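Single chain ahead, by itself, as structure tokens, in the form predicted alone.
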Amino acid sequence: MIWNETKECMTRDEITVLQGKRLHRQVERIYHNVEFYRKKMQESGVEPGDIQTVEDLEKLPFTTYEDLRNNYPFGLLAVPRQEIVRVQASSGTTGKPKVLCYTRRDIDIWSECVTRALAMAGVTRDDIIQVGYGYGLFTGGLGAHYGAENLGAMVIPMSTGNTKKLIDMMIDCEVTAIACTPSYLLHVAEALEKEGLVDRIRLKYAICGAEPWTDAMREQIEQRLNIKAYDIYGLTEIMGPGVACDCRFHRGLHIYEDHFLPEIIDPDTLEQKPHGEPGELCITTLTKVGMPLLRYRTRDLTSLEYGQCECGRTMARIQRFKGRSDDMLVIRGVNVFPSQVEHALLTVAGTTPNYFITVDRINNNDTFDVAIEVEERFFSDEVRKLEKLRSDVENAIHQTVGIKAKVKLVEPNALPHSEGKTKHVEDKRKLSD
């Protein structure tokens, strides 16, 4: 395999020197091979020779998802099309998809990064891994699959769509690790509990990603399945899953800085933020060959921690995401993230992480409705107990978010349960605004 763990323990000076060299080479390649970036740099009066160290990063132009769509499908290629061996795309539902292209070398590096993430979670070549992400244009399935094979583990490409079969295979094949979305893993946990099969599984590790989740949700997964759960981060535009992952100390997501150069900017002014301050995460790909990106605005709101982790790794850690700058809900003048609602629910006994937020505007006033699945026992108890639970949930959301929500409690499985990436929000205001 390509991976060498010593890379993750370089000194900060070694990391920045390596990043500077790779950034300079990457900018040279991009300038001479991608017309889009060449024009942007010329408009700003920037030449490749101006980029020598990581401190020069702020001289470069940003890249947005609109740029990817405007150059659909192959406008940002930095190599001849004949060198592209795979195309992946985002799962967006509006407009042209964000298409990303990979050379053979890109696939190898992607596999290496996912291998690092799996190894960080404790997975070895002796494990049997079910990949419960979707295969196809979505990067989750193939990304996790190639990384697990690169590690030397046995891979079961389950994808999604048949939870009963996944559970049967999990038990019969003595699966020890699973890669899937956290919401789907909770769905699997519910099915296992319902059938009384939790004690029959051999699962030890879960590597979950593709959607935001909280520490409370991770702890619930670990307790219900008696496993260790890890957060893997990635996005199609940059590579796919494996850009970063957390270790056993859960102090943030270690980003592989030898391949990705992260920075935090103010999403309004676009100026770089000092180390440790929150803002929007931008990533520059340092080693991607087919379709490299400069300062890609991920829209993820977070901060970076540069101190050495307790695990010994020295690469920067992405801190817990607060949300996204483009999926943030502004309700009655207050910024609201779905992850805040999830956190509030997990503080109230009897609720589940299955919820759905509906925001609308009636008579020029914003409505904020939250439907939540709760344990079945509350529907067989006295009505006052159900009302007490509803009041507790409303108070928890109010304290966490800062505004009141109208809460509706529903029975288990009353809300749609996705076996992929769960949708938690419908903002009806967008249909008429």
Ligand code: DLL
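All figures in this text were calculated on a predicted structure; none of them were measured in a lab. One rule holds for the numbers: they count along the sequence shown, beginning at 1.
In what follows, reference is made to the form predicted together with the ligand, a form of this protein that is not presented.
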Looking at the ligand in the predicted complex, do all three of C113, Y256 and T287 come within 4.5 Å of it through at least one heavy atom?
no
May I ask you to choose, among E190, D300, E342, D127, the residue with a heavy atom within 4.5 Å of the ligand in the predicted complex?
D300
What is the one choice in F138, Y146, F356, Y102 with a heavy atom within 4.5 Å of the ligand in the predicted complex?
F138
Which single stretch, out of 151 to 159, 348 to 356, 265 to 273, 207 to 215, brings residue heavy atoms within 4.5 Å of the ligand in the predicted complex?
207 to 215
So, in the predicted complex, is N335 in contact with the ligand at a 4.5 angstroms heavy atom limit?
yes
Does at least one non-hydrogen atom of L142 fall within 4.5 angstroms of the ligand in the predicted complex?
no
Answer for C173 alone: is it within 4.5 Å of the ligand in the predicted complex, judged on heavy atom distances?
no
Going by a heavy atom distance of 4.5 Å, is P241 a contact of the ligand in the predicted complex?
yes
Residue by residue through 213 to 242, which ones have a non-hydrogen atom no more than 4.5 angstroms from the ligand in the predicted complex?
W213, D231, I232, Y233, G234, L235, T236, E237, G240, P241
Distance direction in the predicted complex for the C-alpha atoms of F337 and E222, relative to the displayed form (3 angstroms or more)
farther
Pin down for me whether the M328-A210 Cα distance shrinks or grows in the predicted complex relative to this form (closer or farther, change of 3 Å or more).
closer
